[in-house]
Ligand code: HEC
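Here you get one chain, nothing else, as structure tokens; it is the form predicted alone.
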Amino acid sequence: MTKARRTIIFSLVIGLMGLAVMAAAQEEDLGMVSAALAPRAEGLIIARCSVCHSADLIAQQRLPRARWGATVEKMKHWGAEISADEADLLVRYLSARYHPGAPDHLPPLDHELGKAEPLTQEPEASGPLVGVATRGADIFAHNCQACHGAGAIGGMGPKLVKNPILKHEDLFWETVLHGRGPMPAWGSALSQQDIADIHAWLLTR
């Protein structure tokens, strides 16, 4: 066997080992996204990213972790309302699910949203939830303002100030938790206390 041929074979073996290491790393990273947090990441994609483009655009990508990190940072720079914890979760999830070696066809993003849990677990309330309007203002600005406008005066989404839905609390909760028409479901992105706080704030408008 010639020296050149041995060099080529050695390079191929090293390349295959590198691919195996990459695949193992992706699998390990996916394992770090727990069964509860993976659907939460999907919920964040549906709720935050689909404001500007369809989730299918994301699902078509096959990028390494560094590229996903740069993409999430770019979305934040362009105005996506994503906290540091949410950005970290999104990068971990996207790089594990949509890496260069991932299959061409994967289940849709919303196939497990019903199992989602919030990033920070809250203690169970001992009674009915009481919304805190002052807190709801910030939560609304971070999550809802992009569509419903500053101060809830309307935008791409309907005006919520004095909106009749606020008097029908069950319908309000149903809409926020599960979505309605073009509005995505937010049950995997907001805690029940968050929703109660937003509702309380909207009632003061």
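The first residue of the shown sequence is 1; numbering continues from there. Here the structure is a predicted model, which means the values were calculated and not measured. Heads up, when I say rigid core I mean the largest set of C-alphas that superpose within 1.5 Å between the two forms.
If you look for the form predicted in complex with the ligand, you will not find it shown, but the lines that follow are about it.
key: Heavy atom of residue 89 within 4.5 Å of the ligand in the predicted complex   = Heavy-atom contact with the ligand at 4.5 Å: absent for residue 89.
request  = Report whether the minimum heavy atom distance between residue 80 and the ligand in the predicted complex is within 4.5 Å.
outcome  = Yes, residue 80 sits close enough to the ligand in the predicted complex that at least one of its heavy atoms falls within 4.5 Å.
request  = Give a yes or no for residue 102: in the predicted complex, does one of its heavy atoms lie within 4.5 Å of a heavy atom belonging to the ligand?
outcome  = Contact check for residue 102: no, nothing within 4.5 Å of the ligand in the predicted complex.
ask   = Taking heavy atoms only, is residue 94 within 4.5 angstroms of the ligand in the predicted complex?
value = Contact with the ligand, yes.
message = I have 40, 43 and 135 flagged as a candidate spot, so tell me whether each of them has a non-hydrogen atom within 4.5 Å of the ligand in the predicted complex.
response = No, none of 40, 43 and 135 comes within 4.5 Å of the ligand in the predicted complex.
ask   = Going by the ligand in the predicted complex, which residues of 168 to 182 come within 4.5 Å of it through any heavy atom?
value = Sequence-ordered list: 172, 175, 176, 180, 182.
ask   = Does superposing the core leave residue 140 with a CA shift of 2 Å or more between this form and the one not shown?
value = After core superposition, the C-alpha of residue 140 moves less than 2 Å between this form and the one not shown.
ask   = Does the C-alpha of residue 166 move 2 Å or more between this form and the one not shown once the rigid core is lined up?
value = No, residue 166 moves less than 2 Å.
inquiry  = Aligned on the rigid core, do the two forms place the Cα of residue 82 2 Å or more apart, comparing between this form and the one not shown?
reply    = Superposed on the core, residue 82 moves its C-alpha 2 Å or more between this form and the one not shown.
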